[in-house]
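For reference, the chain that follows is the form predicted on its own, supplied as structure tokens.
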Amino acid sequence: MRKEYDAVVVGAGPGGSVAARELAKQGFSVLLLEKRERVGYPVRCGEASTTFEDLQNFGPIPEECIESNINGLFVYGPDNTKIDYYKKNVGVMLNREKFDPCLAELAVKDGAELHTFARASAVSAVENGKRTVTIVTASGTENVKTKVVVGADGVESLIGRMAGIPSGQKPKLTCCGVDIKVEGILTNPEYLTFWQGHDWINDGYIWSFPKVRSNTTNFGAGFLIPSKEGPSILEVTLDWLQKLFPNAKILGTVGGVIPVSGNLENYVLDSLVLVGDAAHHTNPLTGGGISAAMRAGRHAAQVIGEGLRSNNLSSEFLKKYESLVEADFGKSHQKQLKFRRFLLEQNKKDQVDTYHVLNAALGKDGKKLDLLTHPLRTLRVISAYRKFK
């Protein structure tokens, strides 16, 4: 490594790689760090993401990174309710072991310097307009100076906390989840399938995400970190797999935590920004964060580039990045957070009413006239949501 860079990006996930690439394309010297030996491994998510067309905005992305095209969502709710939402090409299933390295390689091709098995163990305060990042590698420890640090180091992010941002996970706003790789396609190959509500998991959900190219399914479950002892998320996930698909052949299991708090209120400091899971950029309703991380990475690079050119990387200037994120998906995430809280706090009867209304409004076979056929139910659900704080 060199002794000094314009930017050091910590974490070569989708958000970090996009930020590194966009900064390198502007002509800045960029160091991209990945603490693991391989970018994209192990995979620790359900791998569902935005449309292929949207992904190409950060590409080119080869088709081998795409496992399945998704044309809808099927949600099993309480008391045999369901939502069958059809929308052609609403998203894709990724192969993160191929997709993440692809993004990192694009960053390298455009000038970023990638080091794997390199962990940022400390970030100094700003001195003479620069921070010092201490990096632990297989061959020892190095200190690198940089004008700006981009913390894209995931849900366990230490960069923000080391620099003074309270970015840790709060249990009441954090899900624990387990994803099990299963042989074969368990559910409709064109749909993402969910089970949610009082008959399933109320403070989270169960999922089945098909990966057609590799003929496997990501089956998993997640729920809010409990306040008292009970079955572990692994035990719960295995139990539901056995109940729903008793003959499923397990190929592998991963787990982790997922922020469902909505974006952090503040995630910039002088010469430092957080991106993706590190800034809690995940969707509070679904827990998905791949698309948001990439978009945040691009916004961060835009503002950082302006700051590097004008020699102004103060927190006041970098707040422009937070504003871009808020306009892009922050407000949407707040609405998703409100709806998640609304749904989870309902009793079973009210939740059943909500599912009926949602299926009538969104469902493939739902009839919007049903909203008028049962006007009291429709008005009750809408009124309850509007009053919900």
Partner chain sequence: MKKLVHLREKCLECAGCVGICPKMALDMYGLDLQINHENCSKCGLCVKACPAGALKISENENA
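Numbering follows the first chain given and starts at 1. Values in this document were obtained by computation on a predicted structure and should not be read as measured data.
What comes next is about the form predicted together with its partner chain, which does not appear here.
From the list 70-78, 150-158, 183-191, 206-214, the contact stretch for its partner chain in the predicted bound form under a 4.5 Å heavy atom rule is 150-158. Only one of 127, 316, 229, 265 lies close to its partner chain in the predicted bound form, with a heavy atom inside 4.5 Å, and it is 229. 233 is the sole member of 272, 290, 233, 103 with a non-hydrogen atom within 4.5 Å of its partner chain in the predicted bound form.
Although the partner is absent here, residue 340 lies well away from its partner chain in the predicted bound form, with no heavy atom inside 4.5 Å.
Its partner chain in the predicted bound form comes within 4.5 Å of a heavy atom belonging to residue 36.
Contact check for residue 253: a heavy atom falls within 4.5 Å of its partner chain in the predicted bound form. Though the partner is left out of this view, residue 145 does not reach within 4.5 Å of its partner chain in the predicted bound form, counting heavy atoms only. With contact defined as any non-hydrogen atom lying within 4.5 angstroms of its partner chain in the predicted bound form, 119 is the only contacting residue in 114-137.
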